[in-house]
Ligand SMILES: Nc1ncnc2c1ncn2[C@@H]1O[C@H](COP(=O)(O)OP(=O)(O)OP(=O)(O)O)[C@@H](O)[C@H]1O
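Below you'll find only one chain, the form predicted alone, shown as structure tokens.
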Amino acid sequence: MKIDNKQLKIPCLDPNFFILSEDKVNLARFETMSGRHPVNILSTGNQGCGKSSLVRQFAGIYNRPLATFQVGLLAESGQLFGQQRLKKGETYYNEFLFPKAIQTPGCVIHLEEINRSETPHALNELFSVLSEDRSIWIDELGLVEVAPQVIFFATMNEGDEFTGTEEMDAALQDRFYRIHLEYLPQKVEREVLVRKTGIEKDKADQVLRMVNQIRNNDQLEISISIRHSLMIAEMVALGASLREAMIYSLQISKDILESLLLTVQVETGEIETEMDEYLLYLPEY
């Protein structure tokens, strides 16, 4: 695909990105549908489960340019399109990337954290560009029409633990197909850890047994994403103990961690706790 706008690029493919087979099939259907009529997709799911990565992978697979916009930065209506600026005592309209991106044929528009805007009316313009009509009048730009085959992807985290998020407007949500991502099965997640960090399979299993102990403990209220399991695995692959890797990768107290380590040790007999050691932090000569 030829891209006229130098600000837009086709993202690189991730050779280690796994997806549910039915999601893969339906994403291919959405790609086909986009050639017939406008398509909007909402990706939801647990934190760090690959929602944003899915958008990049889709764009890379179908050779589409990608433009990502942080909805959480929007405080007022119209901010996506441009803003009045002052230069040498004169005002002028500074057009942003958004109108250029939506007028680029085949572009993937990623609306990141769509439920995190500072005020609900900041998203008013989206109703027009996401509708079947796919156009909006901006006084400074005239009629802005969405180009053929443009696909809008929105991603969001849901739940009371995500501060600053709001329930998505029903009329806005009605404009989207929805894909919900879950944690990967342990066997698949182990493969991701091995491929991306170089960790040995038995150590990857050890990491995931510990991670799943926390994920399955409702009383802890601690969310461990795939991003976190990768962080832990990378440290272990570089020689850190599981205890060290978890302390530095997670927002978790040492007391809770030691208790969990002890539980896994009793169950498996494979993890030993360690004593803290203090050393001078000076250059090595």
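This one's a predicted model, so the numbers in the text were calculated from it and none came from an experiment. When you see a residue number, it is the position in the sequence shown, counting from 1.
Keep in mind that the form predicted together with the named molecule is missing from the display, and what follows is about it.
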Inset, instruction - Name the stretch: of 243 to 251, 61 to 69, 225 to 233, 27 to 35, exactly one has residues whose heavy atoms fall within 4.5 Å of the named molecule in the predicted complex. - result: 225 to 233
Inset, instruction - Using heavy atoms only and a 4.5 Å cut-off, determine which of Ile138, Ile214, Leu97, Val192 is in contact with the named molecule in the predicted complex. - result: Val192
Inset, instruction - Consider Asp14 of the chain shown here, and say whether it contacts the named molecule in the predicted complex, taking contact as heavy atoms within 4.5 Å. - result: yes
Legend entry - Contact label in the predicted complex: Leu184 to the named molecule, heavy atom within 4.5 Å: yes
Legend entry - Close approach of Ser128 to the named molecule in the predicted complex, 4.5 Å, heavy atom: no
Legend entry - Arg209 within 4.5 Å of the named molecule in the predicted complex, heavy atoms: no
Inset, instruction - Between 36 to 56 and the named molecule in the predicted complex, list the residues on our side with a heavy atom within 4.5 Å. - result: Asn46, Gln47, Gly48, Cys49, Gly50, Lys51, Ser52, Ser53
